[in-house]
Each structure stands twice: as structure tokens, then as C-alpha cells.
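Single chain ahead, by itself, as C-alpha cells, in the form predicted alone.
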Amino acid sequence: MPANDTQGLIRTRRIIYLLVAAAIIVPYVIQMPIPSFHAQEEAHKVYDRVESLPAGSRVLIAMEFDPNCEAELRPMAEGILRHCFARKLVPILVTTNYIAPALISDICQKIAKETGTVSGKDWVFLGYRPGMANVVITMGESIQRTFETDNFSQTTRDMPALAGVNSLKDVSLITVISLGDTVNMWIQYGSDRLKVPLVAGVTAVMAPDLYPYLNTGQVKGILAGLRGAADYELLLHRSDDAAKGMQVQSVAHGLLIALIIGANVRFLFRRAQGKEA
């Protein structure tokens, strides 16, 4: 390849890199509302299910994710917690993912500080227990025996947040926020067995696997990926990390489409002139 062509290619690549960087950074700095952005029906179902619960209801939230999928799933977790506290519900958090406790603890403390809620009274993070399905089964028998202390070493017996809650049968809703197939575990050993309604938030690639459960009514609503998290923020009349992430995605995708179209137009134009692409 001639030296001039090589230098031109390098310059073109640098321009593209700068454009992509700008497409990612600018939407985080400047609010860029997307007029066509409306919450999807599946997210509405999750929102409506939480909204319908009377004050004081207990909501079991299984946070089955780790930092690998934090960008997609953390905004869902924060949105669900904010909604619960706004409705005066009592979240009971748990995980069977051994990597998750530090991340979940950070989420809990952030939202608790934001909402002025107290661990052990307004919410409880039970922590991690190994055993996967066995944990769900034993929680269906007794939460306090499965978790004698919570993640912060507080005794669960006589804890105000668990007042009147002996097992999973006593919660009003199960919410599973998961990066993998642990939703199936909570459906089979929790929701279906104990007849407790369940909603789920999952990564975008996992969402298609849950639609059969949505069609059968075993899952009452789905938050799918970053878009699902942004939908929930929209329903809560907020614009947080998920909404900003959707702005970045939209601008970046628009830029890529424009670059593809521009490259093809250039190719056709040069070919019409009898030049090499």
C-alpha cells in the first residue's frame, strides 16, 4: 500500500476513534432526551405489580449478579429499592452468588442513605448462603433458620423488618435480578412451589429465555437489560444511570449507522469513477 494511502487510513481511523469517544462521553455530560422512548409493556407489568402492593408488604429481592453485569443490572436493583421505599414496602434481600455481597451491600447503603431508611427496620440484606436451590427450599420453610444473622451480623430473630415473616410463603412478591439462569431456580423452588408471584430483571441476552414463563404467567413481568432498567427509571420519573446509558447507546448506534452508510457511499462513488475503494 502506498505511503500516502497508509497515512490516510491512519488519519481516518483516528477520526473514527475520536467520534466514537465523543458519542460516548457527550451524552453523559449533556442531557439528550429521546422523544420516542416509551416504557415497554413488560416493564410496566413489573412496575404495576410493585405499585399494587399495600404499605408494609414484604418483597423478597434476590440479587443474583456480580460486577460483570453491574452496568445492566445495578440500575434495576436501585430502581426496585427506590420504588419499594416510596411505597413503604419492606425489601428482604438475599443472594446465592458468592461474589455479590459486597456489591449488594454498596447498593443497599447507597439507597438507604438516599431514602433515610434503616437496616433491620425498613429493609434487611440477609447476605449469601451456598447451596443454590437448597437455600430457596429452606427459606420456604424458615427464613430465620436459614439466615440466623444478616449480612451485617444482626440477629434476624425478632428483627422488625422480618416481623410476621417466617418463610417465603409470607412475602407478597419475589423479585429476581439475575445475570444467569438462577431465575429458573427461583421459579421452580420458590414461586411455583409456594404460590408467590415473581417478577424478574435480567441481562438482555437472557431475556428471551423468560418469555415462555411470561406467557404462562409464572413470571409476572420482565426488565430486560439496560433498556428494561431505563424503562423502570422512566416509570419512576427519574433519569439515572440506565437512562444515561440508553442515551449513549442511541448516539453511538446512530454514529455507527452513519459511518457504515458513509463508507458505502464513498465506495460506490469511487467505483463509479473507476478508482480503487
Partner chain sequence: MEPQAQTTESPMRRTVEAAVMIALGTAFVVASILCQKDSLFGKNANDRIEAVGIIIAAALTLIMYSFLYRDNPLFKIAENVYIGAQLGYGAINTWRLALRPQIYNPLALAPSNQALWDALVFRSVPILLGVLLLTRLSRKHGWLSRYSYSMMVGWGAGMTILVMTDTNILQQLQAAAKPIQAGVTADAGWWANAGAVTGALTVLVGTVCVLFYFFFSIPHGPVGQRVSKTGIWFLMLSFGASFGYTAMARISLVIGRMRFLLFEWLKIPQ
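Numbering follows the first chain given and starts at 1. No experiment lies behind these values; they were computed from the predicted model shown.
Absent from the display: the form predicted in complex with its partner chain. The rest refers to it.
The stretch in contact with its partner chain in the predicted complex, judged by heavy atoms within 4.5 Å, is 202 to 210, chosen from 170 to 178, 157 to 165, 202 to 210, 78 to 86.
Although the partner is absent here, Asp192 sits close enough that one of its heavy atoms falls within 4.5 Å of its partner chain in the predicted complex. Interface membership of Arg227, defined by any non-hydrogen atom within 4.5 Å of its partner chain in the predicted complex, is confirmed.
Using a 4.5 angstroms threshold between heavy atoms, Ser52 stays clear of its partner chain in the predicted complex. Taking non-hydrogen atoms only, Val59 never approaches its partner chain to within 4.5 angstroms in the predicted complex.
Looking at 129 to 152, the residues that come within 4.5 Å of its partner chain in the predicted complex, counting any heavy atom, are Arg129, Pro130, Asn134, Ile137, Thr146, Glu148, Asn151.
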